[in-house]
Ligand SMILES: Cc1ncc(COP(=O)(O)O)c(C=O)c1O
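A single chain comes next, written as C-alpha cells; it is the form predicted alone.
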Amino acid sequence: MAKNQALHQWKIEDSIELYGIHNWGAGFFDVANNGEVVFLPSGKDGPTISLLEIIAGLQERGYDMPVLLRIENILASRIAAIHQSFRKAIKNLGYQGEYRGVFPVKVNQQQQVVEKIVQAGMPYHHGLEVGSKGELLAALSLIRDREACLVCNGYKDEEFFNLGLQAQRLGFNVFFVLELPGELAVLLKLSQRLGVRPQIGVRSKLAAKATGHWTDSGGERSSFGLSISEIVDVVDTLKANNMLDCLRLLHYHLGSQISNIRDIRTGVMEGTRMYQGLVQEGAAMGFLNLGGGLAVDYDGSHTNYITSRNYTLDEYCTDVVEAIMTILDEQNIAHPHIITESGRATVAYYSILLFNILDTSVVEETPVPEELPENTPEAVRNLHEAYAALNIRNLQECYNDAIYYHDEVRKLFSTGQINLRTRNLGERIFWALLMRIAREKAHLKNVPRDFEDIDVILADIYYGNFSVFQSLPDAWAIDQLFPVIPIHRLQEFPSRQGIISDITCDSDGRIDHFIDPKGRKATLDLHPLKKGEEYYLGVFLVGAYQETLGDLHNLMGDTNVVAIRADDDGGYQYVREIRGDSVADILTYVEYEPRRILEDLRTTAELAVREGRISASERYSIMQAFEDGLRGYTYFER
C-alpha cells in the first residue's frame, strides 16, 4: 500500500507489511487490533501478550527504559525446533546417527541465558561449546546432563587441558578440538599423567568458503584449525602412542550467518570427505561437528543477502543429513552423530531492546516570503527564484540550483559578507525548496539518482534513550541490520521518515539503515510524537553477541534486563530482574572509586561554604544530589 495514502485509510495490515513482522518474526510476534506489537507464546492460534503491557508492568516495578526483555518461551522453542527438525530429517532419510546440538557460549555468555539453554536442552541432550577457561568453568557449573557434549574449541594451554581432563574424570562428555599443531603434545602429556584417555577432535581448514560478515574463519588460509598435512601428523602421532581410538570428532566452521544454502552444502560435503579419510586411517570417530552458520532472517527477505537466508530450517537439516549420507554410504561408513554449534539461530529471537523516544529534531517547512528585501544578496535571490519556478518538469534543474546557491549562501556567511538573519532566510528557502522537490518526485516514473538522498536529508532525528555502542554494537561496527519498529500505534499512519540517534555524544551513535525487502533503506517510517505520551520502539533479534560485545562509550552501562515466562493461557510471570548499571558501577569499571569521588566533592563543597558561596544547609542538598547521581541509572530517567 502506498505511503502517501490518506491517514484514515491506514490499516494494521499495512503496518504488518511495512515493517515485515510476519517475515522476520518467525511466528513469535504479531500486531493486535489495538495497534500494539504482541508476543505469541503458543503460536498464531493461541493467546497474545502485549509488549506495551509488559513495559507498563516494568514501570510499576520501578524499572526505567531502556530494558532488554528476554522471553524464555522463545529460547525453549528455538532449541526444540532445531532438534525436532533434525530428528525429522534423520527419520525421513533413514540416517543411522543422532543429532547432538551444542550452544557456543561466546554468542551470549550471560549466566541467565546459558542456564536457560541448558535447562531447555535437557530433553535433547543439548550441550555447550566453549573457547576459553572462563567459559569452560562456567559451562561445568551448569551442565547436569552427562550425555550432553561439551566441545572445547579455541587455543588451549596446559591449564585449559587440565580443567577439561578433570571434568572428564567427573563424567562430563568432553571433546578437545585441536586448533594448533602443538596442542596435541600438551594434551597427551597431561592425559598420561592423569590416566585419562581423552576424546580428541581436530578442526579442519576446509577449502570451502562462504560469503558474509563472519566467514573469515573458513578457507585454507583461515586463522583457525589444522591443514591437511597437520591433521595427518595428528593421526600419525596418535598411532605411535596407541591412541588412535581417542580421535573421535572432526570439526570445521565456515562462519556465522551463512545466508546461502549452497555454501552450507559445499562445506558439508568437503567436511564429510575429511571425516571419511580419518575413518579410513583407522580413527574411531563417531562425531561430525559442522560448527555454526545457521542463519537468522533479520530482514525477512528470504534471500541470500547477508542479513537473511534463502532456506528454511527444515531445508537446512535435510541438506546436511542427505549430504553426509550420500558420501559415507558410498564407502559403507557408519553415519556419525551430527553436532552443530547454532548460536545465533538459538538466541537471536530471545531478546528485544525496548526504549523510549526522548525528543525529535524535525525539518519544518516555514513560509517563504513572496517578496525579498531590496538588499537581499544574489545567491539568496536565486534560491527564491528556483523556489518560485519549481514544477514537475524542472525538478532536476531546480535541485541543482538549490544545492549550488545554498553553498554560496554558506560561503558568504563564513566570510562575513551576510549576517545571521540573511543566512536564516537562505536556509528557510533552501529547505522549503527541498521539501517541495521531495513531494513532487513521488509523481515521477523515473526518479533521478540525485534525488535518492533527499529523503535522508529531510529525515527527522528521533532521539532514543539507549546507547548503540552498549546495546547494538554490531549495528555500529559492521552495519548489521536489526528489525526496528514502533511497538504501538500501528493502527495509525506513520507519517514521518526518521533516523534514530542514541544519547551518546558521538555521531556514530545512530541507526540509519533499516530492513527492507530490497535489502535496506536509509529511513524508518515513524509516527509523530504526541505531547504527554511516551513513544516506544523495539529492536528485535538482538539476543546474539550484542550483550557480550557492548562497550562503555560515554560510560553508558548495561541496561535493565528482565526475563518473562509466558503461560499458554495468556498470562506471564516476571521470572528474573537484573538492575542495569548505576553511575557508580560504571565508574568502578574504569578504575574510579565512588567513595573517593564523594570525598573530593565534599572537600570542594566545604571550601565553598568557607568562601561564602553556599550555606551549610545548601552543602547538604548539593551532596545529596551527587550521592543520588552516583546511585542513578546511566540512562535518561524521567
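One-based numbering along the sequence shown. Fair warning: this is a prediction, and the values are worked out from it, not measured in the lab.
There is another form of the same protein, the form predicted together with the ligand; it is not shown, and what comes next is about it.
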Would you kindly say which of Gly101, Gly343, Pro486, Gly201 lies with a heavy atom within 4.5 Å of the ligand in the predicted complex? Gly343
Among the candidate residues Ile71, Ile324, Val107, Ala348, which is the single one with a non-hydrogen atom no more than 4.5 Å from the ligand in the predicted complex? Val107
Can you tell me if Gly127 lies within 4.5 angstroms of the ligand in the predicted complex, counting non-hydrogen atoms only? no
Please run the contact check for Arg309 against the ligand in the predicted complex: heavy atoms, 4.5 angstroms, yes or no? no
Answer for Asn153 alone: is it within 4.5 Å of the ligand in the predicted complex, judged on heavy atom distances? yes
Partner contact for Gly293 in the predicted complex: the ligand, 4.5 angstroms, heavy atom: yes
Tell me which of 245-253, 474-482, 373-381, 72-80 has residues with heavy atoms within 4.5 angstroms of the ligand in the predicted complex? 245-253
